[in-house]
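Below you'll find only one chain, the form predicted on its own, shown as structure tokens.
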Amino acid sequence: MSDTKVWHEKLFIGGQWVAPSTDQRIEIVSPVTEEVLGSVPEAATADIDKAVAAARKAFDEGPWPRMSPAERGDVMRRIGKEVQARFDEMIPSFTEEIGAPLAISQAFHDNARKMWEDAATLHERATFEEDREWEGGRGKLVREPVGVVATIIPWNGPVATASLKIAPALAAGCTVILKPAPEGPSSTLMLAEALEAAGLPEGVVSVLPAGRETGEYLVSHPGVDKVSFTGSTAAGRKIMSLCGDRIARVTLELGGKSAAIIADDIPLDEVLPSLAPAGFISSGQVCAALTRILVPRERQQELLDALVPIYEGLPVGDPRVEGTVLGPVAAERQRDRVESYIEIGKEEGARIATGGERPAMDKGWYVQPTIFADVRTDMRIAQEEIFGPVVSVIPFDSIDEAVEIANGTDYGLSGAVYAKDTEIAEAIARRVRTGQIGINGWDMCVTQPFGGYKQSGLGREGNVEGLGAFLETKLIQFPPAG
């Protein structure tokens, strides 16, 4: 990919590659070398208008919403195969653009494969029509596609996040406009190539890299029936207000400040294999990362003695090199944000157990993996999403207090409970207000409902629950029998 400075000349609008309406381009800067890697065309409002018109026509007049769910499932299966066939391009593209190590990029793209394969069988699990009877009446309940869908995604997992949204939307019979973030557009244009190769009808999908203002124009467009957004809580709040102006349907997957609760009965060697990477995966740039570690006060030092050597031994370096575990953060402003929170943590009185500096690199936006100890719940580093390789160890004196701490932020996206007694662990997990929570482990389960409580979002993505976000429910009432 770094052989050329121009990766694409055209935009993917309604299933066709067309010239953009302006000559504006998005430059992509390497977080490793700080050099310009290349550029892609930047969509403007005229391109949005063209994409919405194509999607509107395809939904109102075209075959896609009128195909059977099983027929659409066959197309989902073809798309999944086309996506997988492009892994050799997509994986290094993501690593170069965002700085995620190759192993992480591989895992993210494998998640995309799972999402398309899952979407191919949604029709076997979902109920699109059912008979209903009630006192004095009978009818049929039908679930129909919501219409034209705008999907807006962040840069930290473009193909995976796009697949999580587009696959169920298409399975429902919707038409889709995808707006990827300007920091990570090239792999989503490769996704567009896969969609084209799978043979979708004209107008069904568009892929338009663009910035925030163009995204707001898309969200506000009267031709869009539904918005599905993943990103920061602040941006989600703005999008929700724009959708509210015209009562547009909206799904939001937003920030997180997820907690791991460690009970007093479990050996740390049963905890660390999943706990440690859950805080620094992809340099902490994962919304569901376990960034708060809640530990019995008398075990805090035991935890630090075990966790600090793991963090200090992480291979930090060029993410394009096999074996690198921690690459740079995605952008210079992101490094500035992470470093500002490290300073805030020190000012508030938290103790740095390890990290807190830049590693010895000549170039690149690197931050050492950082552990804060003796963190109080009122500290900003315990309350606000940092989106970097920074975790806070928070001591507690009882499980009741631990649950209160876990629930004591504006977020509720993910989490974990570690206890030798799994029945106790489940009882604790049920008390934590969060969308997904692991017992003696942590994972982002992308083929099951994913989403958050409170300011972590609205709605769920994945499986039939995610499909339901793209369906409207209609009751057809029949005359009484006889």
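What you are looking at is a predicted structure, and each value in this text was computed from that prediction instead of being measured. We number the residues from 1 along the sequence you see.
The same protein also exists as the form predicted in complex with a small molecule; that form is not shown, yet it is the one meant from here on.
> Honest question, do Gly345, Thr377 and Val432 all end up within 4.5 Å of the small molecule in the predicted bound form by heavy atom distance?
Replying inline: Answer is no for this spot.
>> I'd like to know whether Lys179 contacts the small molecule in the predicted bound form, with contact meaning heavy atoms within 4.5 angstroms.
In response: The answer is yes: Lys179 has a heavy atom within 4.5 Å of the small molecule.
>> So in the predicted bound form, is the small molecule close enough to Phe396 to count as touching (4.5 Å, heavy atoms)?
In response: Close contact is absent here: in the predicted bound form, Phe396 is far from the small molecule, nothing within 4.5 Å, heavy atoms only.
> Quick one: is Gly255 in contact with the small molecule in the predicted bound form, heavy atoms, 4.5 Å cut-off?
Replying inline: Yes, contact at 4.5 Å.
> Any chance Ala373 has a heavy atom within 4.5 Å of the small molecule in the predicted bound form?
Replying inline: Residue-level check for Ala373: no, no contact with the small molecule.
>> The chain here is shown without the small molecule. Which stretch in 265-273, 205-213, 96-104, 398-406 comes within 4.5 angstroms of it in the predicted bound form, by heavy atom distance?
In response: Of the options given, it is 205-213.
>> Using a 4.5 Å heavy atom cut-off, which residue among Ile239, Ala120, Val316, Val224 comes into contact with the small molecule in the predicted bound form?
In response: Among Ile239, Ala120, Val316, Val224, a heavy atom within 4.5 Å of the small molecule in the predicted bound form occurs only for Ile239.
> Tell me, which of Pro154, Gly80, Gly355, Gly412 has a heavy atom within 4.5 angstroms of the small molecule in the predicted bound form?
Replying inline: Going through each option in turn, the one that passes is Pro154.
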